[in-house]
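A lone chain, given as C-alpha cells: the form predicted on its own.
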C-alpha cells in the first residue's frame, strides 16, 4: 500500500496515548503500509513531539523495520555457522545472481525479497532456507526456485 498521510495520522492518533509510543506507532504503521518511508519519520516526529533523529534511531535499531516495500514472497537464507560450512555462501551468491538483487533487496518485479537469517533450526540438513512459510533443507538453487514457483514467483 502506498503511503497515505491521512491514514498514517489515524494510526498515530490511535497509538499516541501509549507509554513510549514511538515503537508501537512505528509497528502499527509498518503493519498497515508494509514499510516506513522517509515521510513516516517526519510525520511521527511531529505527531509525538520528538526529533526526527529519535524516530530514525528507533527505525534503524530494529532490523524488522523496512524503509522500502518488500516483495510478495520472502526468501530467507540461513547465515549461521552450520549452514556456512555446508555451502550457504555459495548458495547466497547464486541466489543474488539469479534474483538480480542483494541482501535485503527486492527483485525488480516486486515478487521476492532476499533476507539473511541466523539459524532456522535445520542445522542437520544445512544449508537451510525459508521460502515464504516453507522450510527448505539441503537447499540449492533448483530447490529454492521450485519453492519460489509454488509461492507464485
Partner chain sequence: MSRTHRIFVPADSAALALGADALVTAIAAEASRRQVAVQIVRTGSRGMHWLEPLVEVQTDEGRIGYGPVSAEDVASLFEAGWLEGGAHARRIGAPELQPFMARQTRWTFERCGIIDPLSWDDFVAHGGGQALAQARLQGAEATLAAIIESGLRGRGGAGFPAGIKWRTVRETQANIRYVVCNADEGDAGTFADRMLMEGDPLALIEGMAICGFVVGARKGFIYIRSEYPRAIQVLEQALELARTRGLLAECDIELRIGAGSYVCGEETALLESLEGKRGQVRAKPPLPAHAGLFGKPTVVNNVLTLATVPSILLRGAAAYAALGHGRSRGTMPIQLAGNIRHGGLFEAAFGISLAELVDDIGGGTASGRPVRAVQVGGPLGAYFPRALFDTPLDYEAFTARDGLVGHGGIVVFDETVDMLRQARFAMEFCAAESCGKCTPCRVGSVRGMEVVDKIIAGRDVDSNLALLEDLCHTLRLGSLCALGGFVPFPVLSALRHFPQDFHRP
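Numbering follows the first chain given and starts at 1. Everything quoted here is computed from the prediction, not taken from an experiment.
What comes next is about the form predicted together with the partner chain, which does not appear here.
Against the partner chain in the model of the complex, the set 118, 125 and 137 is in full contact: each member has a heavy atom within 4.5 Å. In the model of the complex, the partner chain stays beyond 4.5 Å of every heavy atom belonging to residue 12.
The partner chain is not shown here, but in the model of the complex it comes within 4.5 Å of a heavy atom of residue 57.
Of the heavy atoms in residue 20, some are within 4.5 Å of the partner chain in the model of the complex. Of the heavy atoms in residue 86, some are within 4.5 Å of the partner chain in the model of the complex.
Note on the interface: of 24-32, 94-102, 39-47, 66-74, the segment with non-hydrogen atoms within 4.5 angstroms of the partner chain in the model of the complex is 24-32.
Within 4.5 angstroms of the partner chain in the model of the complex, the stretch 71-85 places a non-hydrogen atom from each of 79, 80, 81, 82, 84, 85, taken in sequence order.
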